[in-house]
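Presented as structure tokens, the chain that follows is alone, the form predicted on its own.
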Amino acid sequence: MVSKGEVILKNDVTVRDPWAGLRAFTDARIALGRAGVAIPVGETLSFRLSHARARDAVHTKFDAEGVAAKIEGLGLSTILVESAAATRAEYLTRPDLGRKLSRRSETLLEDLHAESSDLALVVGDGLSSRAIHENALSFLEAFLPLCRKAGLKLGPVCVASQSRVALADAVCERIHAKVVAILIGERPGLSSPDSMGIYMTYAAKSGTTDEARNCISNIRSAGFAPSLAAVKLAYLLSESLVRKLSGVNLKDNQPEGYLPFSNLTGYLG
């Protein structure tokens, strides 16, 4: 006799994939098994949950003021800017507008009369505000002490809403930086809605194309750790400043045991 609320467990009808042990090493959807000719219900629900998280990452409102306040807590000045895309819907359907500054932001940066700096930092929501909320501060906490120790001059940090990668080019030419690096939320994957990317460009200006950039991708706790990304950007930035280039002409030949900015010896003197 079965009492109320008691569940009788029947034999599991799922056919297990012999490669299932590999799932311990990746978040990719492999070795899902099957139930008859269909995907098991649990895997179907897991897919829907991941898809919902990816959509939420795209549509979550960017807390620009909160991000700016945390960056200022690290001792940097910040400026809030936005792209020419007035709404999230327009941003998603008009990528070109996400690459341009709004008129207010153009005027704000031009009136700033910023002195030339070695590096301009832009922190933008991109396609995943969550990625910035969760990873930008950790990266900057590791990266900024390296810059200060090396004596690099940093411009004000622009916290940008509705931003695409190329928005950093317009920022760079208006605040007269030698190099610009934008921290931006990457397009969410089904296993990585929190992935942040960094795009670095030497002598960026409006119209700069993507082959002129160096990219560090998948920065998150389950990917490329922010502390390691900080060392990687230090290497690329110092090489860029010394060699006066970036992108496809600047290869990642970071040596084993590299000390951040050690290849800047003589540059700042």
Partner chain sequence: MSYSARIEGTIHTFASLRELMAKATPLRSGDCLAGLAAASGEERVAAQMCLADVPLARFLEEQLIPYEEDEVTRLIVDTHDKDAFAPVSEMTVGMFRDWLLSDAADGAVLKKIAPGITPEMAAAVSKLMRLQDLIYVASKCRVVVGFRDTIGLPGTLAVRIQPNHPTDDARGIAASTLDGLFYGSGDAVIGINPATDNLKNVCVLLDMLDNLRQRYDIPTQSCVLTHVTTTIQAIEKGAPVDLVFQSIAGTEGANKSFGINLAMLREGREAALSLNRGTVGNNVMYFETGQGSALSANAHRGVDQQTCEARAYAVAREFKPLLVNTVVGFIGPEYLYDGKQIARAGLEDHFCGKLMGVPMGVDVCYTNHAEADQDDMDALLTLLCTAGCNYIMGVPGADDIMLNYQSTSYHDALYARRLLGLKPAPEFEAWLEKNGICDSRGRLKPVSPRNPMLHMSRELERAGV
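Here the structure is a predicted model, which is why all the values come from computation and not from measurement. Residue numbers count along the first chain shown, from 1. Take the two forms, find the largest set of C-alpha atoms that superpose within 1.5 Å, and that set is the rigid core.
From this point on, the text means the form predicted together with the partner chain, which you will not see here.
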When the partner chain is placed as it is in the model of the complex, which of 115 to 123, 183 to 191, 138 to 146, 67 to 75 ends up with heavy atoms within 4.5 Å of it? 183 to 191
Option touching the partner chain, based on a heavy atom within 4.5 Å in the model of the complex, out of 241, 234, 216, 32: 32
Does any part of residue 110 reach within 4.5 Å of the partner chain in the model of the complex? Heavy atoms only, please. no
In the model of the complex, is there a heavy atom of the partner chain that lies within 4.5 Å of any heavy atom of residue 153, even though the partner is absent here? no
Is the gap between residue 228 and the partner chain in the model of the complex 4.5 Å or less for some heavy atom pair? no
Although the partner isn't part of this model, could you tell me whether residue 176 comes within 4.5 Å of the partner chain in the model of the complex, counting any heavy atom of the residue? no
Could you list the residues in 41 to 66 that come within 4.5 Å of the partner chain in the model of the complex, counting only heavy atoms and keeping sequence order? 47, 51, 54, 55, 58, 59
After the core is matched up, is the C-alpha of residue 255 off by 2 Å or more between this form and the one not shown? no
